[in-house]
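Here we start with a single chain on its own, the form predicted alone, put down as structure tokens.
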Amino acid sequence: MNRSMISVDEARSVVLANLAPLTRVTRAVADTVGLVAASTVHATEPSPRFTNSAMDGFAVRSDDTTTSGARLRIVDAIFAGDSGRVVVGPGEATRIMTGAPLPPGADSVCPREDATVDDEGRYVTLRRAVVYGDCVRHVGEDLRVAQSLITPGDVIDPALLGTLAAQGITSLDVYPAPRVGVLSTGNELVDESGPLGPGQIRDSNRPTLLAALRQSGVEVSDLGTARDSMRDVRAVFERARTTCDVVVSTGGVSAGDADFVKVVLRDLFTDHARSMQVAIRPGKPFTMAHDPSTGTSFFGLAGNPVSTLVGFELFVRPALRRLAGHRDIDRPTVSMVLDCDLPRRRDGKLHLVHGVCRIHDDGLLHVERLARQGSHLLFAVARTNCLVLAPDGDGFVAGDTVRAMILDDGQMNAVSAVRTFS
């Protein structure tokens, strides 16, 4: 590897070295989906709280129903929210609805569809034997008192939220979603949809990053575009350092005369700023800084759109997940079967190639196709869902096993689903 380049692992170590979860906040439980718990929560009540019926039917004594055809006298009816007032004795049954408490004396429930009631509604005949405990939900079957519900690092999903609500818990300590500002730099960039002047291009990096950040569950702030000047870039960074936890910029990090992002960050934060050449393709130039006074982190990504996406996945997204308190900060990287050739030349870099992976009938993940390679080819990587890692060497041929990062697991089983259900 070229001595002026550092490995991706070393670059990631620099990125993550000083990052810790943001200061915890207390939020209403209803507002915590997708956030990460910052404290431990234990159950204060069992769930279910009382033994109840899992079906609409008849609460019975199993000793009375060891054979089909048992005929029992109906002595009561219990609905959800009621309490069983009548004790079920030998030869007796009560009507019972789903969720209603099991009455004293009963130990099982016969579903309504397995029973026949006489015309007067006084007796029920069971069409099958009932085993002890049939269709009964027991106290603490789901949760015991003092059982751990949540520990720091757990992501709050709908089921966890519902569990907390069922326990009467209305607020929760969580790590807040990072506030992230996005800036594009470059004299050539315009936001308007009208005709372009000579040398101008419409900004795609900022919309792309803003979308990726929203998908990652953070709070986003559009910082607009800045011209290639130290004054303009510095003005945006100065404002953002007081309102954002993270600032992500694109462009201005290479070795050109107009690459001012790395210069401004070094000027603002001196020993807390670092520019590096990472041994990857695309996305080699990368700059980062940390503001010790506000805690804001700055990440300067290469300006070509595919380089921007790769830099986001390798460096920015893991950093954001660390700030948000996640235990697992990286996307899963797994072995896949390559269905096409992936040639490359030796250059001392790790090549990262967008592709499409699917689960095949053999139960394995296959990389079915690869995107055309080029750091400017943004449309070529649209609708891809993995990033193949091709270490320095001569590449791979179809049939080889490769390591790939899964970018979108929602698309992985699309082919199998069509084969199964079409």
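A residue's number is simply how far along the shown sequence it sits, counting from 1. Given the structure is predicted, the values throughout are model-derived calculations rather than measurements.
Only in words, not in the display: the form predicted in complex with a small molecule, which the text now covers.
The stretch from 317 to 325, 98 to 106, 337 to 345, 177 to 185 that comes within 4.5 Å of the small molecule in the model of the complex, counting heavy atoms only, is 177 to 185. A heavy atom within 4.5 Å of the small molecule in the model of the complex is found for one listed residue only; from N205, T287, S297, T94, this is N205. Contact annotation: of the candidates S221, S275, N304, Q167, the single residue with a non-hydrogen atom within 4.5 angstroms of the small molecule in the model of the complex is N304.
Among heavy atoms of L189, some come within 4.5 Å of the small molecule in the model of the complex. In the model of the complex, the small molecule stays beyond 4.5 Å of every heavy atom belonging to S216.
The shortest heavy atom separation between S254 and the small molecule in the model of the complex is within 4.5 Å. The small molecule is not drawn, but in the model of the complex it has no heavy atom within 4.5 Å of A146. No member of the trio S53, A80 and D142 reaches the small molecule in the model of the complex with any non-hydrogen atom inside 4.5 Å.
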